[in-house]
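Just the one chain here, laid out as structure tokens, in the form predicted on its own.
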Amino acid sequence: MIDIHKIWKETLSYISSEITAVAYMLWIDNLTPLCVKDNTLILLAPSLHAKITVNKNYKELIRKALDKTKSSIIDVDIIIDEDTYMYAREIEIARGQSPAEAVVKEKPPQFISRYTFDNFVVGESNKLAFHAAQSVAKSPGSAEGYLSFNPLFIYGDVGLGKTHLLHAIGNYILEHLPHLKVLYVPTEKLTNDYVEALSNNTSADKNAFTLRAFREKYRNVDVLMIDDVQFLQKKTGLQEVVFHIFNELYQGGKQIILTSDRPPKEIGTLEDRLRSRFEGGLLADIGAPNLEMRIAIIRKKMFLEKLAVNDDVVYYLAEQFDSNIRELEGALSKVILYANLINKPYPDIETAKEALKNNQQKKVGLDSSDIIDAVCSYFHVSKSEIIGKKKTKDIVEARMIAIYLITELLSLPLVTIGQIFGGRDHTTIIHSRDKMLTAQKENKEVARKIKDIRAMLSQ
């Protein structure tokens, strides 16, 4: 068996000589080796922000360092807690179990223990979703005694707490209703399971994951949670399967909970019959937190993790990170770590600014919705027109500028950007990006529009 801890120790010795001590402490030292799969070392990052930063700035360095260990490992994958289900079997093996034992013990994704109702900060922007989630957790499905929200459809931008609520529901049920069978699955995992079942359906191996095993896995549950259902768009075959799973669970009084970055009516190429099912229960949106709520989120994290910073720092962070809770919490962690590195136990405002100075070049917490909203406001068009199929000259120009700005200002994969814009192919995203890149160099009017929208975003 590969000794991943020994290999990682050798890797770190090389990396430490190639980057600054601060960068090493901030981004590399907090990575934890979990397992190896297909000659790829799986590293656990402490936060989404850390995962994104390491992937962007240090992944190639880690690959080169691994190559110097002369091991069979040739690549690296950076994940966070929410991704560990993808490597459940390999992680169990790495912890000392045999492959057979690992297969027997493999379970649906574990709920993250820190995601509970108690540490979810409630405000005007999320109170409907929060109270609906609590109601569902106390009485899943159609049980008497509580309002039945089935299905419960929670939607909102990335980093606002949708996944936190799913895990809070799961943790509550596991503690208070342990006899119920709960399954949480991101749509990506659901898709992979379906593809695997299709490919194995004619297999002679009795242990193969076939369509029958797929149906049993997803229908033999009391509570089914599907995260990020917007990724069902354009997957016609999978939509058919989800439709039948939905009907069987619903008719059996089982609870269904769904999350998305947009309401059902805005999910492109979603079958009407499935859309109507999604809209048949309660739609609960989560909006961006206001200043008071962001301050409360910081103070809650400080209390839970026994952190201490000046009130000035709390207000500074709350003002700078105004649309993404994950970024907000990540910024607090970065300030605390930087203060520790310079031996300052209680960070002040200057320490915070110094810790976050690399983020000042562009607005931290900016997401795709902010950019699309700014473009819509500038061109006086609606969001549905921007992400829709309308091809009038003004809409096409606005759409292309929005795509260009997202590719410039955010670290998002082209496929993800395509999903944001109604499920467009990544080649369309590349075309729009390149066309606007050229247009602003050759057309002063286009350059002025892009400059104006950038100024709106910076404010």
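Just count from 1 along the sequence shown to find any residue number. Worth saying up front: this structure is predicted, and the values here are computed from it rather than measured.
Keep in mind the form predicted in complex with a small molecule is missing from the figure; the text below concerns it.
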Check your understanding: Of 342 to 350, 210 to 218, 243 to 251, 113 to 121, which is the one stretch near the small molecule in the predicted complex, taking non-hydrogen atoms within 4.5 angstroms as near?
Key -> 113 to 121
Exercise for review: Give a yes or no for G170: in the predicted complex, does one of its heavy atoms lie within 4.5 Å of a heavy atom belonging to the small molecule?
Suggested key: no
Check your understanding: Does at least one non-hydrogen atom of I297 fall within 4.5 angstroms of the small molecule in the predicted complex?
Key -> yes
Review point. So in the predicted complex, does any heavy atom of I91 sit within 4.5 Å of the small molecule?
Key: no
Review point. Hey, in the predicted complex, does E329 get a heavy atom within 4.5 angstroms of the small molecule?
Key: yes
Point to revise | Single option in V158, A288, L274, C376 placed near the small molecule in the predicted complex, where near means a heavy atom within 4.5 Å | key: V158
Point to revise | Distance trend in the predicted complex - C-alpha atoms of T416 and E266, change of 3 Å or more | key: farther
Study note, to complete from the structure: Shown form as baseline, in the predicted complex, CA T416-I226 shift of 3 Å or more puts them closer
